[in-house]
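First, one chain by itself: the form predicted on its own, in C-alpha cells.
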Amino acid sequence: MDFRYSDEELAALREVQQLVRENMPEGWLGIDPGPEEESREDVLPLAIKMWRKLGEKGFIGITLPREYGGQEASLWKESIILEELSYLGSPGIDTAIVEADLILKFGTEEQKGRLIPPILRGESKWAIGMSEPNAGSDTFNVQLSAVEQEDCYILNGQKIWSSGAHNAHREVVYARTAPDKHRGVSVFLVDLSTPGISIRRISQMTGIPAFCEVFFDNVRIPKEDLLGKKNGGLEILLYAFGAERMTGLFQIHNARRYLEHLIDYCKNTTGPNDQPLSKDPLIRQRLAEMAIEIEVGSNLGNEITWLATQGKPTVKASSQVKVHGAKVIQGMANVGQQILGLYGPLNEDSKWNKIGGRFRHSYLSSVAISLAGGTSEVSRNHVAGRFGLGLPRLDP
C-alpha cells in the first residue's frame, strides 16, 4: 500500500488545517469528535460555525454526486479530511454525513434533492433515533410504532441516547411497522419540529447533557419521509451499522492528539528525581505502547477505506476498528491519569489543571465509547460470525 498523499489530497489536508486554525480560539486544545462536547454552551457556536465553513468549502459529503452538492471525490480524500478534523479536535464533525449517505443509497429522487443539499451546505444537522429503553444492542427489539394511514404514518413511542437531538433539525427514526422482529422495521426521516415530538436531555457522567430522550405522541409523518420500503429497515440498519462503527476511527485519531499533548507535558515537566518525566522508563514504555496501538488502528482504518473503494464488505473491518478505537481512547485516558497523578481529576476551571483538564474529560467520556453505537461485544460477534471468522450463531 502506498501511504503517500497525492498533491490534491495534500492540498485538501492543508486547507482543513488552515480552516481550523482560522476559526478556533487561540490555544485551542481540541474536543472529542461527535455531539457530546458540542452540546457545551461555549462550544456549540463554534460547532455551528465550523459545520457551515466545512459546507462552504465543499468538505461535507465530498464523495456524493455533484447534483446534490458533492464533489464526487475519492473515499481516500474524504477519509483524510475526517481523520484530520478528528486529530485537530475540531467541532462540526456531524453524523449528518452518514445520514446523507443513507438517503443517497436508499432514498427516492425527491428525498435526495430535498434533504441532501442542506446537509452538504452545513445547514442541516441530524440525529439518530435507533435505541430505545428495551432496544440497545438488540436493535431489532424496537417498539416505537408507526401505523400507516391514508396519507401518513402515526408514530408513538420513545427513543433514547439520541446524541445531540436537542440541536438537530431531523432524525433518522427506526420504527415498528409489522410484528416480525427483523422484517417489521421501517425507517423514517423525521422533522424534529413536527407537533407531538418532545425532547428531554440526559446528563452524562462528564456533566454534559448531550444524550436525549425523544418522545413521539401521535406524530404524523408524511409518507414521503419513509426511507426505502415499508418493513425494509433490515437492509438500512445493517448498512448504517457499518457507517456508525467508523466512529472507532475518529477515536483513534482523537487519541493521537491526546498522546501528543501528553508527550509535550512529559518533555517539559520535572519528576521527583529532578529529571523530565520523559526520561522515566515506565512512562516511556507506556507512551510507546500507545503510539503503537494508535498506528495499528490507523492502518485498520486504511483497510476499511480500501475495501470500500473495491466494493467489498466492510462490516468485519469496521467492527474491528470499533472495538480497537474504544480500547485505544480508554487506554490513552488511563495513561494520562497515571502520568498526571493528582492533577488528572482536575477540570478546566481549576487553576491547577494540566493540559486544560482534558484528561479528566477523556477519562470520564471514554467509559461509554465501548457501549455507544453498539457494544464492543456485538462488534466482536460480527467479527466472529458470518462477516468474519464464519463461526456459528450462539442463538438457535
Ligand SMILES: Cc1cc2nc3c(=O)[nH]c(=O)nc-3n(C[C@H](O)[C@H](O)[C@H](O)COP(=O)(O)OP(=O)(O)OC[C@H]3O[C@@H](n4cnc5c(N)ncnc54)[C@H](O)[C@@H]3O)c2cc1C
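In this text, residue numbers run from 1 along the sequence as written. Computed from a prediction, not measured in an experiment: that's the story for all the values here.
Just so you know, the form predicted in complex with the named molecule exists too; it's not on screen, but the next bit is about it.
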Residue among M24, V378, A384, L13 with a heavy atom within 4.5 Å of the named molecule in the predicted bound form: V378
Interface residue in the predicted bound form among P118, P209, G136, P276, criterion: non-hydrogen atom within 4.5 angstroms of the named molecule: G136
Contact label in the predicted bound form: Q204 to the named molecule, heavy atom within 4.5 Å: yes
Exercise: F188 in contact with the named molecule in the predicted bound form, heavy atom 4.5 Å: no
In the predicted bound form, L44 touching the named molecule (heavy atom, 4.5 Å): no
L155: touches the named molecule in the predicted bound form, heavy atom cutoff 4.5 angstroms: no
Among 292-300, 180-188, 136-144, 195-203, the region lying within 4.5 Å of the named molecule in the predicted bound form by heavy atom distance: 136-144
Contacts with the named molecule in the predicted bound form, stretch 146-171 (heavy atom within 4.5 Å): I160, W161, S162, S163
